[in-house]
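Consider the single chain below, provided in structure tokens and representing the form predicted alone.
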Amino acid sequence: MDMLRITDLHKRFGDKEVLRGLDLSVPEHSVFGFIGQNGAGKTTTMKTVLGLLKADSGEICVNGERVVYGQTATNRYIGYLPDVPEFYAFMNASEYLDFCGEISGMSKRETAKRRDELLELVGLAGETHRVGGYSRGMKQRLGIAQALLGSPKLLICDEPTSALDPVGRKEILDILLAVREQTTVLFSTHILTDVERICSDVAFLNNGVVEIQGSMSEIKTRFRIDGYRLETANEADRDAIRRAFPTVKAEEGNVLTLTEQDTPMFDVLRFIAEQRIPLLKWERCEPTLESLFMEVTKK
């Protein structure tokens, strides 16, 4: 089942068409990376899902229920973490979650139970300092706890790691991965290493449309190149292979790459065996998110 399905979504601001027929399917209990350059339309898409912006046309369904602008009934399924969450600086973490539970209609008992569970999950259990003194990473962790307070079926995070240091990024990614069994996670980002680390599914947004989407394994299989990368022990051996096979390409150091259509793999292996050339590495070239992203954004 798809927890989120978007069909032919259009949105224009003045003379600028931000979304141009966007289609997106987010499977239930996936960690879904929504990839795009800054300004590609990621935040516009998320705000439209939340009913904060009115689509010009198209349809959005959350948990099988249609999103209607101005009637945010579907938001009962959603937890949301904006890119820069705001808090009441005079509260501590427990007080803030108690406040969020009260205004959302949760009972005090239910709020207290979820509050304690979530503060433990995000590493803020026992934290008594005021939120005004929190680091950016601590605020992001509290923001995730707030977004999960109502046990949502879909957690939407807008650039949750973009302004964090490596330690803070790791903490947030670990939390998002840990909640996968509880909820579906959709997070927008332009940091490809974050996606590679935790995502089961991914979509590439470019110029208002999704160019590529699917599971990580499906995408890597679909765009697999019949190519290989090898590394020789020294420069002389590298040059000998290049002289024998001019279509083999040199990379940094003693690394060479070849594609099966230009240079038959077994011909190269036979030459290496006959010349007794020692290899440090021989591996199939797998498509990377970076290479796919660059290909998409050049269109």
Partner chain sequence: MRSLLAFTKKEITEHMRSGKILFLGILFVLFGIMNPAVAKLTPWLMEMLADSLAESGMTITEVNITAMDSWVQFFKNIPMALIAFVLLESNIFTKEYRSGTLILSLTKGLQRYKVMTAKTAVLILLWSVGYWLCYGITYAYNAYFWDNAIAKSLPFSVLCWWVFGLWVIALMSLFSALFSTNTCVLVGTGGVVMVSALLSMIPKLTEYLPTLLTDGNSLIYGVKEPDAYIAALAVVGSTALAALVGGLILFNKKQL
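Residue numbers count along the first chain shown, from 1. These figures come from a predicted structure and were not determined experimentally.
Another form, the form predicted in complex with the partner chain, is not on view; read the next lines as being about it.
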| query | finding |
| --- | --- |
| In the model of the complex, segment of 197-205, 214-222, 160-168, 81-89 with a heavy atom within 4.5 Å of the partner chain | 81-89 |
| The partner chain contact in the model of the complex: R130, any heavy atom under 4.5 Å | yes |
| The partner chain contact at F187 in the model of the complex, heavy atom, 4.5 Å | no |
| Partner proximity in the model of the complex: S94 to the partner chain, non-hydrogen atom cutoff 4.5 Å | no |
| Contact label in the model of the complex: E102 to the partner chain, heavy atom within 4.5 Å | yes |
| Partner-contacting position among M106, I191, L124, V209 - heavy atom within 4.5 Å of the partner chain in the model of the complex | M106 |
| One residue of V248, C61, L50, M265 in contact with the partner chain, assessed in the model of the complex (non-hydrogen atom, 4.5 angstroms) | L50 |
| Contacts with the partner chain in the model of the complex, stretch 179-215 (heavy atom within 4.5 Å) | none |
